[in-house]
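Only one chain is shown below, in structure tokens, and it's the form predicted alone.
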């Protein structure tokens, strides 16, 4: 059996009705990149049975989204009320992250997921990176086509000695850039894995976690099979999920 990877949903309104939704490209990345079985998790907030969901899964992928993590979680007020929020997702993913890290469940986090992972573990965000002195504008141009929006935008420097360097074996790689927010203060115990040319943190891991963790500000899921770096990262995540699944089954047999 393939490992089960939880993909937390966003909440969205389509017409008159609210939905739990996950984009195809994230689900595809779990299947095509990690060779795992995706399970979309509704954003139920406090109503979520966290123990049941974590007992079922062998990994977690935190997706990107148009919405932002509410700044009250890092003791700030909303800077731009016109930008979308998703309180149900915040209430679902933040406790999910903290508990999954403790249990050693493998996690890969992308864009919003990268940001919510930092916040869940005690960090804070720049709400408008483009307004911070010395930082670039990391947002996409919405007037361009999707392939251009998700095309290479800048390079990231990979920090020597980290898990990302071990996965990729490269000192630098090109990445896309489609975000307005970014890491301000990194949470305690987090290790920088890559930085942009302006010094913004673009990837981190949880140095103290017993399991695989990798958080990426860019979008490696985009056309994943055409990007060898993305395939290596998701391949490593998938292997970590298989290892966790095997260890979980061994524990279950031992307690039977």
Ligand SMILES: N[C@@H](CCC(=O)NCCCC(=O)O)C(=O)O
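Residue numbers count along the first chain shown, from 1. The structure displayed is predicted, hence computed values, not measured ones.
Beyond the structure shown, there is the form predicted in complex with this ligand, which is absent from this document and is the topic of what follows.
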(message) Within 4.5 Å of this ligand in the predicted complex - does that hold for a heavy atom of every one of 23, 115 and 221?
(response) yes
(request) Choose from 185 to 193, 44 to 52, 60 to 68, 225 to 233 the stretch whose residues reach within 4.5 Å of this ligand in the predicted complex, heavy atoms counted. (result) 60 to 68
(request) Although this ligand is absent from this view, report whether residue 92 comes within 4.5 Å of it in the predicted complex, heavy atoms only. (result) no
(message) When the contact criterion is heavy atoms within 4.5 Å, does residue 180 count as touching this ligand in the predicted complex?
(response) yes
(message) How about residue 150 - does it come within 4.5 Å of this ligand in the predicted complex, if we only consider non-hydrogen atoms?
(response) yes
(request) Verify the contact flag for residue 109: yes if a non-hydrogen atom of it lies within 4.5 Å of a non-hydrogen atom of this ligand in the predicted complex, no if not. (result) no
